[in-house]
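For reference, the chain that follows is the form predicted alone, supplied as structure tokens.
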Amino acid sequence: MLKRLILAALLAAVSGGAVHAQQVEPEEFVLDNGMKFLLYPRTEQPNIIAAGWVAKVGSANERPGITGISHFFEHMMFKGTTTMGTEDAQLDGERRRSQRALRDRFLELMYGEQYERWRKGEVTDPWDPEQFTGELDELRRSLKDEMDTHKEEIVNNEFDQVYTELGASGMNAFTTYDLTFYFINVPSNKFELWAWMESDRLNDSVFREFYSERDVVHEERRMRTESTPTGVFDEQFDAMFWQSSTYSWPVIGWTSDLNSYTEEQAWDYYHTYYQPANLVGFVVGDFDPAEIKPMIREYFSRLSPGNRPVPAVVTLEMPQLAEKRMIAECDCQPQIRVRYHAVPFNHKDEAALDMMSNILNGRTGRLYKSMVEGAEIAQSAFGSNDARKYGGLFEFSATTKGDATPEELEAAWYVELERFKTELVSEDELQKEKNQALADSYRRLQSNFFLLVQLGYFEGEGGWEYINEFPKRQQAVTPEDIMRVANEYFAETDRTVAVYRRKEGGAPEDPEFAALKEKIGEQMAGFVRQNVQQLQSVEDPAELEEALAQMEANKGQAPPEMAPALDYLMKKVRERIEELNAE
């Protein structure tokens, strides 16, 4: 899990920067079953291929009752097939059927008798084992015994082991609001292995450890959200900001929903969203398309075409008519977040809003000059434009310095916003950001792996062509465009504000981390903070050594701007290893 979160942080950094310079022209072809592939041969990294596939489904496609199931599927897809992951397929099937029967009976009692007890006030938490009835507790224990017995018979991580033994590396996946992405690096002469392995898990996936894996996800949720200084408040802030949109719940899901998925619901979800027409494969690297296309056809054509339409996401965000405000106390440095509804992915105004955020950020940006360096009231301050498939947001966030208050930072932000509304950005200031965007775009396309990530991410959001089209729109942004969007999307009635005050006795933010946040931005810093928090729960130095080795191996593929984050993480991993070895 540690390695997965570290890699997810890097991926978030890449996908968060939607600025690209050069033309990318992959070859596109579609199988008879509806599955599309994008092939992009290049020889910059000899004998290596980055390959993956995207399921066009994320938490935005969910509903109350099954929130988090997209992310849960990311876990399930690594559990193997009928024959991979077990030495006895028949016994494995019997174990899974036994567990399903016990869980179905457990849920029947939970949603009937136990929830009724909760509604009557007889229990305070229906999912607390200490408040279970005798029959519920007996079922829980029986299910645990079944899962423990089954675990001893499972061949752990066999899917990963087969890849690794044959020279592949970096197998992983991530889930967002709008998509789920699976990927790996393979030697060029092992492409057929990838085609066989990936088509096999799509064609013959087994939801092994369907019930025990919930504990893993609960732990992931605890480390990502519940154990971080502002995690539960950030989650509440999201739910408050999105009134009607399906972005209102977290990607990892609500706790009660994580407990509740049934296998019937899972299979229904799988056959709806993992059908070939909703999947896209990507291959980037050292290969000849004429050689690999027959392999793709041979293996992926065995996937049966879907027989049901993918439901559209139809619930749009309602207009916000009044300011919303949340005030929280946490064990953190005081900070502020001011958020506005903006535009979805590929909207005509996305480029102007993106350039507006660029003008705000960096050491030469307006926020640093006015709040960090000028008034010296902020340790860090950022503006970010987040354009998603079905909606978007623009957010200002800042952390206090010295005796400054979040309210002072908020007032300073409104001054900067008013400048955008009433004064045209200078041509020189705008051109500087356009030049920087082009330079960043070139660096982001140097690695097969990170080009793969961008192709997959943008295709999942709405179309890979965005790589080529968006830079042209950015370069066309004018000062008048920025003034127009500042007046159109930043109304006082459409802002949602979160004020974080330090809890009495709470510790200030680590100065080293504050300096890092200044370099890499609030969003990426949040991922780094989650990983550092998780380090404290790892008790095995060998696991940390393995994670450190993977970070060392991946560092060369990461964009240069991410080097500070990796250096900080690796330092914290080494410190944790030393701490454990000293015990």
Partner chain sequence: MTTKNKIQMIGMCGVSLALIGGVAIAGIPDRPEDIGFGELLFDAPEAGDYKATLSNGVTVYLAPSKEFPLVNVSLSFKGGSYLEPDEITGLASMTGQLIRRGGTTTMSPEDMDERFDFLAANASAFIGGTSSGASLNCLKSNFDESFGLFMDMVRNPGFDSERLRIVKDERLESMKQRNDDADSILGMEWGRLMWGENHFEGSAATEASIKRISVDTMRSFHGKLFQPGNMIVAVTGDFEPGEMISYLEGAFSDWQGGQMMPNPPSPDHKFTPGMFHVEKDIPQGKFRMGHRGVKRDHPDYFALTIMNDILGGGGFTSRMMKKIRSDEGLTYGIRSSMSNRVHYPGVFVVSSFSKNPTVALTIKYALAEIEKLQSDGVTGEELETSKRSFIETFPRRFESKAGMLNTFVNDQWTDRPAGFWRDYRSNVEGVGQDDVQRVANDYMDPDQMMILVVGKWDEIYEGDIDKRASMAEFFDGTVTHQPLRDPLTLDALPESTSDGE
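Numbering follows the first chain given and starts at 1. Quick caveat: nothing in here was measured; it's all calculated off a predicted structure.
Keep in mind that the form predicted in complex with the partner chain is missing from the display, and what follows is about it.
Q379 near the partner chain in the model of the complex, any heavy atom under 4.5 Å?
-> Yes - in the model of the complex, heavy atoms of Q379 and the partner chain come within 4.5 Å of each other.
Report yes if any heavy atom of R97 sits within 4.5 Å of a heavy atom of the partner chain in the model of the complex; otherwise report no.
-> Judged by the heavy-atom cut-off of 4.5 Å, R97 is in contact with the partner chain in the model of the complex.
Decide whether Y368 counts as a contact residue for the partner chain in the model of the complex under a heavy atom distance cut-off of 4.5 Å.
-> Yes, contact at 4.5 Å.
Can Y115 be called a contact residue for the partner chain in the model of the complex at 4.5 Å between heavy atoms?
-> Y115: no, not in contact with the partner chain in the model of the complex.
Whether G167, S227 and E298 all lie within 4.5 angstroms of the partner chain in the model of the complex by heavy atom | Yes, because G167, S227 and E298 each have a heavy atom that approaches the partner chain to within 4.5 Å in the model of the complex.
So which of K79, R495, K389, R473 gets a non-hydrogen atom within 4.5 Å of the partner chain in the model of the complex?
-> Selected option: K79.
Among E264, E512, D288, E423, which has any heavy atom within 4.5 Å of the partner chain in the model of the complex?
-> Selected residue: E264.
Of these, 313 to 321, 465 to 473, 167 to 175, 337 to 345, which stretch puts a heavy atom within 4.5 angstroms of the partner chain in the model of the complex?
-> Of the options given, it is 167 to 175.
Neighbours of the partner chain in the model of the complex among 305 to 332 [non-hydrogen atom within 4.5 angstroms] | D331, C332, in sequence order.
Closer or farther in the model of the complex: C-alpha pair R576, E213 (3 angstroms or more) = Note: Cα gap between R576 and E213 widens in the model of the complex.
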